[in-house]
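Consider the single chain below, provided in structure tokens and representing the form predicted alone.
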Amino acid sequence: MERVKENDTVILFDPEKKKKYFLNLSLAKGKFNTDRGEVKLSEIVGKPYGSKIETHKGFSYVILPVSIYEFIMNKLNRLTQIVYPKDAGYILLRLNVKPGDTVVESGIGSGALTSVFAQAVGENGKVISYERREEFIKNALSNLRKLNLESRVEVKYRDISEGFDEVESADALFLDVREPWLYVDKAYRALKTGHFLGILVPTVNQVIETLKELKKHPFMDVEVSEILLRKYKRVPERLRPEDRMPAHTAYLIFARKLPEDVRIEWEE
């Protein structure tokens, strides 16, 4: 039975109003005030998830764990555009990220994709994030701390124009920078042979420049894709798509590293 730990971020769910309160126990100060009364934090720690906690007015909330999806979409403090969950899941699979891996990324942004990588690599893995803006680092680490994932992330405060410290040791490498084609050669040297490079860009112009650069290096399985997500109204009697659809967020580019002495022509 999973129980609440003292540094967890939890949800207090109001079943009557169908409202979620997000609460980080390590950052809160002894009690939490809601419109239904006051909750003592000391009474939450140690309780099984799914159990109830009463306010001083006698109203009950259900204690639930927070998923990374919920945190990213509802509570992540954003200083930048983020990598959305609809893209992050595919990125994980295409880069083949798994427990124990070392994932290198640039930049850290607000820490959304960093948190997804950090959860996937597990306690024995590591996410190494390069970032040249200090305010982004501070904000991203604050977000990661609320998910208890900060210890899995190592931040290097510098521009990747200087190159990556990792030499053929990254299990996966992801670039989310304005001009990724300038760093393809550096990414190639950091990756293990046979492993994957991922790149995110918002415009077609950037895709074109990146593909031109990728062709100069030994890569295979090159892919350009876009993930679209369509949600549906939850009424069985009149099932139909929702009126609004989250459409384009970014283009995703993937490539697998080949040995330096192996060159192939890409299939059109």
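Residue indices: 1-based, along the sequence shown. Given the structure is predicted, the values throughout are model-derived calculations rather than measurements.
Although not depicted, the form predicted together with another copy of the chain is the subject of the following passage.
For the residues Leu200, Ile53, Leu41, Ile227, the 4.5 Å heavy atom test against another copy of the chain in the predicted complex is passed only by Ile227. Not one of Thr34, Gly58 and Leu173 is positioned with any heavy atom within 4.5 Å of another copy of the chain in the predicted complex. Mapping the unseen interface onto this chain, Val97 counts among the residues with a heavy atom inside 4.5 Å of another copy of the chain in the predicted complex.
Residue contact with another copy of the chain in the predicted complex: Tyr157 places no heavy atom within 4.5 Å of it.
Taking the partner from elsewhere, Thr102 is found to have every heavy atom lying beyond 4.5 Å of another copy of the chain in the predicted complex. Put simply, Ser26 is far from another copy of the chain in the predicted complex: not one heavy atom of it is within 4.5 Å. Stretch-level contact check against another copy of the chain in the predicted complex with heavy atoms at 4.5 Å: of 133 to 141, 158 to 166, 182 to 190, 116 to 124, the positive one is 116 to 124. For the stretch 194 to 232, the set of residues having any non-hydrogen atom within 4.5 angstroms of another copy of the chain in the predicted complex comprises Gly194, His195, Phe196, Pro202, Thr203, Val204, Asn205, Val207, Ile208, Leu211, Lys212, Lys215, Met220, Asp221, Val222, Glu223, Val224, Ser225, Glu226, Ile227, Leu228, Leu229, Arg230, Lys231, Tyr232, in sequence order.
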